[in-house]
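Take a look at this single chain in structure tokens; it is the form predicted on its own.
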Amino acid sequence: MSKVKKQAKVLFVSSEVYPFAKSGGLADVSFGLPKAMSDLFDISIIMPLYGSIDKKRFKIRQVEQFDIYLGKKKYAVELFTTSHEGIKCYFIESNILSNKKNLYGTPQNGYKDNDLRFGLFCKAVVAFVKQKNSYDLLHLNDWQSALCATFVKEDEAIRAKTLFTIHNLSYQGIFEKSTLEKLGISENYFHMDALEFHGNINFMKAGIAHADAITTVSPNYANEIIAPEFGCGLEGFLQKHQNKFTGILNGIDLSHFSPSTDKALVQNYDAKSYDKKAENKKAFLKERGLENSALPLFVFIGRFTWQKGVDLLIDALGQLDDLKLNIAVLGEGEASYHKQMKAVTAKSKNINIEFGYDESLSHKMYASADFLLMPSLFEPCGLNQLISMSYGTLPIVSSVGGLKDSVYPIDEYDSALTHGFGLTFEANEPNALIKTIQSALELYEDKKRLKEINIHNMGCDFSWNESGKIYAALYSSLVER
């Protein structure tokens, strides 16, 4: 994107932002997109100041204190700030919001007071916006910031427009009706065209109903969620607001995800020095206790949830004993999946599983692997497949959501095209994943073709460049209304 005169002042509102706090791809998007837009807009970020964030490391300093009211209760709020890679970042701290160990709760359950925590966050954000009285646009992300749209709508003194992005419709922020009184929200919003959802309150609906525009994180996902299979009970409501929809594929920050500069790697490389990638594989296998670097290495990086196709993965792992390959898994999530994963690992010497989240280790895995496994049953966008292709690792993905938008079937490979290619399958077909892994093993034997496709993928632009142009046009159109 070319540099132009600042067009508007934008506040990007998110519950997680890398590198401060991260549970998934939302955090990467919540810094990568504002960074990509910073040449075109005066953009800053605001997020909760969780107790896990190291204030000293990031030079986060307090700038002011103020009170907000939720219902009949007064809450003290502190505003902090820092600058990271040239982007101004603000943080909301309050005892209720910030005193938890995790961002949202355990993998099994969210914190019971998440309605109050993120209701307070939204109220504090809007109070900050009203106080500054200089923002033209609030870009809201997922249910945790969705109530900002309602609070802005209620306050005629705030001139800012609101844009709401749905990153994952399956997490909606659903709470009991009593949340209305707790947050001081009028019962006038308790109906099916606003916040009411089967007798409860749905934060996601606030963003859909009251934002001036809505985006989803891929064009295909925008089409999927207006149908019952992926609509999560909101398909009818989404259809009603479809005129506000734009599907925009996510990108990745190539300054953070580039094998040529990645400090986590033992050997940097690029498309011209692709053969150096093998040094990372050798080092990784030795580190994880896996043998024979001549065997193909498959990796899975992600949450252990139904959505990510972990049931398909576990079933496939149980059938791989006779196949000559290595598999490395990194992730955390539901306890039942941890137990099943441990059981599979105990029976095989060629499978390594690391429980937890480790950013550096994930980068090593992208650089070391021959194939990335993404058997998601649904995937709004996904970033792993974009990262893997940038690192010259071929993705194996199910044909859903943003995976379908970003990974084209390898049978259609044409070096003249500018999009990435991988092995694709339909997740609802019996044994589809294991069959695709077998196809990958056959492709691995044709090393010349595999190398050619991987080098092609590394040359594709998976940055925010193209998507940023679409967002820039949308931002400008909203501000000019």
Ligand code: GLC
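Position 1 is the first residue in the sequence shown; the rest follow in order. Since the model is a prediction, treat every value here as computed from it, not as a measurement.
The same protein also has a form predicted together with ligand GLC, omitted here; what follows describes it.
Peer 1: Sort through 45, 437, 29, 40 and report the residue having a heavy atom within 4.5 Å of ligand GLC in the predicted bound form.
Peer 2: Selected residue: 29.
Peer 1: Work out which of 389, 148, 373, 217 lies within 4.5 Å of ligand GLC in the predicted bound form, going by heavy atoms.
Peer 2: Among 389, 148, 373, 217, a heavy atom within 4.5 Å of ligand GLC in the predicted bound form occurs only for 217.
Peer 1: Which one, 164-172, 99-107, 274-282, 181-189, holds residues whose non-hydrogen atoms are within 4.5 Å of ligand GLC in the predicted bound form?
Peer 2: Answer to the contact question: 164-172.
Peer 1: Is the gap between residue 202 and ligand GLC in the predicted bound form 4.5 Å or less for some heavy atom pair?
Peer 2: No, residue 202 sits far enough from ligand GLC in the predicted bound form that none of its heavy atoms falls within 4.5 Å.
Peer 1: Tell me, yes or no, whether residue 383 is in contact with ligand GLC in the predicted bound form, where a contact means a heavy atom of each within 4.5 Å.
Peer 2: Taking the distances in the predicted bound form, the answer for residue 383 is yes, it comes within 4.5 Å of ligand GLC.
Peer 1: Should residue 303 be counted as a contact of ligand GLC in the predicted bound form, where contact means heavy atoms within 4.5 Å?
Peer 2: Heavy-atom contact with ligand GLC at 4.5 Å: present for residue 303.
Peer 1: Can you tell me whether residue 468 touches ligand GLC? I mean in the predicted bound form, with a 4.5 angstroms heavy atom cut-off.
Peer 2: No.
Peer 1: Which residues, if any, of 286-316 lie within 4.5 Å of ligand GLC in the predicted bound form when only heavy atoms count?
Peer 2: Contacts from 286-316: 303, 307, 308.
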